[in-house]
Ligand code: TXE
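Okay, so here's just one chain, in structure tokens, the form predicted alone.
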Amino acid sequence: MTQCYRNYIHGKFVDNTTGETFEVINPATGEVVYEVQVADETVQQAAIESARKGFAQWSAMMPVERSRILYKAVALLREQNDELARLESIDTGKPIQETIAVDIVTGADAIEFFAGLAASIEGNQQDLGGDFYYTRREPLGICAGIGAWNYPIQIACWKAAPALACGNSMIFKPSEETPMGAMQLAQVFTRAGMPDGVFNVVHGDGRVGAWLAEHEAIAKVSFTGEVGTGKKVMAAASNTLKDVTMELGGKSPLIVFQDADIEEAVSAAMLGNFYSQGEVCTNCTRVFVHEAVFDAFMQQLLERTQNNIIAGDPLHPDTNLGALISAKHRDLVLDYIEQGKQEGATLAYGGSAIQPHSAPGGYFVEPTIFTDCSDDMTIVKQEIFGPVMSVLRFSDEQEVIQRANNTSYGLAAGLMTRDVRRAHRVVHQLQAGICWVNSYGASPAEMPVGGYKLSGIGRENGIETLKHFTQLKAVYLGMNKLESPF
């Protein structure tokens, strides 16, 4: 019998009253692995009341006390790293070699980083000739986090870490396609000694997300997902003028200049297109290669793609290309590939669904490489969110900067060059919130992450994020006798 999980409210799992559930499917097998209860109105009301109580207790604690509890959570996450990674691979279809090395590790890193900052949140003071004022950074209250399905536990950690370090409580809604990670994180927080109600988890589809965005008791919404949904969340949040952080999609460029180390450039392109089977919002799906090194780049790219990629059971340690999240998404990616061929791009490699021997029922798509692409093609303009790379030629620096910026997105960008002057000159002109030079994809907790244009609002990670989870209070003290004309 399939196990059924419940919503996590006030330190324990609670039942809904409607009995409504949804199924969670393992993308590598196509089989239902468990069910989850939807957060109905009874659960929603309980979550709000619990978060109010949790906030009252948590915000009243000394910051250093909050810090100690967060550090305990970090230790527990690291102790359970391999077990949590396995659950993450079953939920997402990602190779376990990735989830062991990245997903839980980077989530724990974020909590550790903000735990270290909790006791350092401070205001300032200024003398005004006897009178003076000072400022305080105070928590917002109840924050809502709405996660995406590609990095479930990492995203939950990235949203919870700054919110909780600043003294807020959080109600988190994971994607209904990958809800396990948030449930595991909630239990870790409880075991670490976090007061009940500080981190609650509610489950469901867009209806539950809309409730979080609209509810007047919630002070802020932090959302990760695609642009269209982000617009709806932001519109709903505007009714109560709540603050929002949006980490949305991208169509990021990687620029390979003629002096680049070709081996590293190919590594960057493959990481930025095939890691996590392409389901990464920062992926460099538009690879601009200088015409002088185009042939050398393509030769190595095709050789390494053919020889080094192993698709199969995500739980096998040798697998480095996993399954896409669902049959629906696999078909969407295949439709984009077909559209690329119809619009005249050359399919240089891949392009088909595959059924690996070790995972015959999974939703796999070959790593796919297109050449002879133009900037107006659908595959070059729209976010595909799968292992599909478009390689484009360029000859001039200013030309490629203009082409790289010619998108409504602005999440990330990368460039490969040995010329330090060119690196700074070009990166300063790229319209993207995250830029990598001679690297791609690294997002340490210390570095702020977020996008320009339609790719988002606000930032996650880094010291900057403390401003997004606190509000500034100014206090004026009259030390001189108050004079009045009345």
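Sequential numbering from 1, following the sequence displayed. Small disclaimer: the values here were computed from a predicted structure and weren't measured.
Keep in mind that the form predicted in complex with the named molecule is missing from the display, and what follows is about it.
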Heavy atom within 4.5 Å of the named molecule in the model of the complex - residue from 141, 351, 206, 360: 206
Quick one: from 411, 73, 254, 165, grab the residue that has a heavy atom within 4.5 Å of the named molecule in the model of the complex. 411
Does at least one non-hydrogen atom of residue 225 fall within 4.5 angstroms of the named molecule in the model of the complex? yes
Consider residue 174 of the chain shown here, and say whether it contacts the named molecule in the model of the complex, taking contact as heavy atoms within 4.5 Å. yes
Heavy atom of residue 247 within 4.5 Å of the named molecule in the model of the complex: yes
4.5 Å heavy atom contact, residue 150 and the named molecule in the model of the complex: yes
Using a 4.5 Å heavy atom cut-off, indicate which stretch of 300-308, 121-129, 342-350, 166-174 touches the named molecule in the model of the complex. 166-174
Relative to the named molecule in the model of the complex, which residues of 362-390 have a heavy atom no more than 4.5 Å away? 383, 385
